[in-house]
Ligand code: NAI
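Before any questions on binding or motion, here is one chain by itself as structure tokens, the form predicted alone.
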Amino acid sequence: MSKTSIAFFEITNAEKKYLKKKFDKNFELFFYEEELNEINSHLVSNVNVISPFIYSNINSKVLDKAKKLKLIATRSTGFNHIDIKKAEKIKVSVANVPYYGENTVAEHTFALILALSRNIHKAYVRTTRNDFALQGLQGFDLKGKTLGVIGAGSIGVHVIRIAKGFGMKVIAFDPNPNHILTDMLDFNYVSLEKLLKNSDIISMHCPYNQHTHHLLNMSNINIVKKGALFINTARSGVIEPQALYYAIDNNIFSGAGLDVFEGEDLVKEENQMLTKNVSVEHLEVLLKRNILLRRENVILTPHMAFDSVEAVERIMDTTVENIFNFLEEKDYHKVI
């Protein structure tokens, strides 16, 4: 009986060690630290299963090289990095990890909110310089403030729960409202326009797709309540880049906590970037990122909201379960 070959991409040493324990001798495993793309697509020419993370670009050309491919088991909730139409056309199944870090991402959301509301990041930098002055560090209470949650799904609901613990008022925008939750968690669904006008803090928790692309944009950014904090732990594409920079520059946003930002995939390895021939696009993204970094009221984290020990283990376990269930023709988290 031939072995099932599986190629894991964007894998750390710890993840490799964890995954090796889950498969027996009937599987042939390949582990790669880099993402999968057109350049290294030869690596998947003979594998049956591919397991990428979010930075891989599994487009039509990559899929054309994977002649023996049966399953793409992405270790993420989103799957916009996979050409779904092409996969469906060549009869390759796609599985994702729909639930793994609801509380994890919600906790990181509040880490960003608290850092901005109490100027933790500014205070830390000062104290490293042996400066313990309080001037310019005064924060504000979360109690009584209105949190606007855009996307009240599994992560958004955890954010709402935490917010209620702080004594905050919560309003939410979601195209599929669940009114049972409103009674349980004491919040209200409102239109996007009303949320933007009335929120002291806006937090993004919607998926990124054709309906949410540039949901916040230059057409609606000026209706945002002046001085609101903006938090994005979802995807950078849910806000138009021009609108983000405009809102920060014109104090529409008094601060921003961003775990995702435009072109993050291009600058995640800046040192490698600077040793190669760099495109104008790369340089533009790097420049914009550095402009954000110089703003005292902006906090950037490197797409790490999901990254807790427990959440990563849940991702691994669900991915393994998807693979086994697919091979055994059982139910799995099927995208197509």
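Residues carry their position along the shown sequence, with the first being 1. Values in this document were obtained by computation on a predicted structure and should not be read as measured data.
Below, we refer to the form predicted in complex with the named molecule, which is not included among the displayed structures.
Engineer: Does residue 233 make contact with the named molecule in the model of the complex, using a 4.5 Å heavy atom cut-off?
Structural biologist: Yes - in the model of the complex, heavy atoms of residue 233 and the named molecule come within 4.5 Å of each other.
Engineer: Please run the contact check for residue 175 against the named molecule in the model of the complex: heavy atoms, 4.5 angstroms, yes or no?
Structural biologist: Answer yes; at least one heavy atom of residue 175 falls within 4.5 Å of the named molecule in the model of the complex.
Engineer: I'd like to know whether residue 156 contacts the named molecule in the model of the complex, with contact meaning heavy atoms within 4.5 angstroms.
Structural biologist: Although the named molecule is absent here, residue 156 would touch it in the model of the complex, with heavy atoms inside 4.5 Å.
Engineer: Can you tell me whether residue 241 touches the named molecule? I mean in the model of the complex, with a 4.5 angstroms heavy atom cut-off.
Structural biologist: Output for residue 241 is no: heavy atoms all beyond 4.5 Å of the named molecule.
Engineer: Does the named molecule come within 4.5 Å of a heavy atom in each of 151, 207 and 212 in the model of the complex?
Structural biologist: The answer is yes: all three residues contact the partner (heavy atom, 4.5 Å cut-off).
Engineer: Would you mind picking the one in 163, 256, 105, 95 that has a heavy atom within 4.5 Å of the named molecule in the model of the complex?
Structural biologist: Selected residue: 105.
Engineer: Please identify, from 24-32, 62-70, 40-48, 299-307, the stretch that has a heavy atom within 4.5 Å of the named molecule in the model of the complex.
Structural biologist: One stretch meets the cut-off, namely 299-307.
Engineer: Heavy atom within 4.5 Å of the named molecule in the model of the complex: which residues of 65-102 meet that condition, in order?
Structural biologist: Going through 65-102 in order - heavy atoms within 4.5 Å of the named molecule in the model of the complex - there is one hit, 100.
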